[in-house]
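This document starts with one chain, in the form predicted on its own, laid out as structure tokens.
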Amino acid sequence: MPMFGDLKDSIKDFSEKAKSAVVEKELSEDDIDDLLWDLEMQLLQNNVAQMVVDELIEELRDDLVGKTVKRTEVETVVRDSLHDAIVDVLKDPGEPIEEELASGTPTEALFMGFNGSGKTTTIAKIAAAFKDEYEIVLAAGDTFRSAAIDQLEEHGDNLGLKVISHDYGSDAAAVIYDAKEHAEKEGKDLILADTAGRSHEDTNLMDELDKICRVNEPDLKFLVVDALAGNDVVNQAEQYEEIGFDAIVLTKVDVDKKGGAALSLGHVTGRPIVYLGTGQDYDDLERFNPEQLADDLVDSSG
């Protein structure tokens, strides 16, 4: 899948410039400073957060300065160093849903995020991925929009899953509480709960989300973020720090040419990206793999 094309091109450009600049000798800071400056500018243009860029550049400098490199080996050395630096700034996502399910009690996963980030679609994709192995119930906790309730119920019909919903305008915390009670009574394994999209101006909606968490004490809280928001993805994540979240789902990466959000979010927030949304179909969901992302990005430079 041709994701993050601009970021890949920047890395390829860096590798090619390094090959042209390096001769067979021990590399000094002067040898690579101009190259690293160019790479820094390109990473920033591709929506990689400044603190992440700083760490990547510093790791590359530490790894390359003082190393003797033959011209024929430059691409390999640069590729390996950049690969390791990318992996170092990303977190291993693990398998948080499976780990919670192993406890043997119903696991409640809450999904939150800004308007239009893809929460409801993400819930449907995760439900589709888990429904053959686990008993799932969906909770229509976005009572702010009647269309959101309808959308989740449509997904439930398509997937053959029970949806717990109340009327438009109902108490979202009560909807999710009822879903949890249903799961416990019916022996369900997993509750996937939707919430209303909000922004930092939506004080009332953020208060409602806080109430949902206090009443229901979800086992997992996923922040769903649209990769196309660019540099704003970090600002969006910061809006949820007070509420707290355990992991990230990054959506629309299939149309994100820049790719900086994937490098920035996990490192800046300290939480792992667990899933990538790569389209609109139920199977357009990938587990995030830092090693695979690093391989994909640096292999374009070889």
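All figures in this text were calculated on a predicted structure; none of them were measured in a lab. Start at 1 with the first residue shown and count on from there.
The following text describes the form predicted together with a small molecule, which does not appear among the structures shown.
Student: With the partner removed from view, which of 168-176, 215-223, 92-100, 145-153 is the stretch that lies within 4.5 Å of the small molecule in the model of the complex, judged by heavy atom distances?
Tutor: Answer to the contact question: 145-153.
Student: With heavy atoms only and a cut-off of 4.5 Å, decide whether G197 touches the small molecule in the model of the complex.
Tutor: Output for G197 is yes: heavy atoms within 4.5 Å of the small molecule.
Student: Test of understanding: in the model of the complex, would K252 fall inside 4.5 Å of the small molecule by heavy atoms?
Tutor: Residue-level check for K252: yes, a contact with the small molecule.
Student: Is Q292 one of the residues lying within 4.5 Å of the small molecule in the model of the complex, judged by heavy atom distances?
Tutor: No, Q292 is distant from the partner.
Student: At the 4.5 Å heavy atom threshold, is G187 in contact with the small molecule in the model of the complex?
Tutor: The answer is no: G187 has no heavy atom within 4.5 Å of the small molecule.
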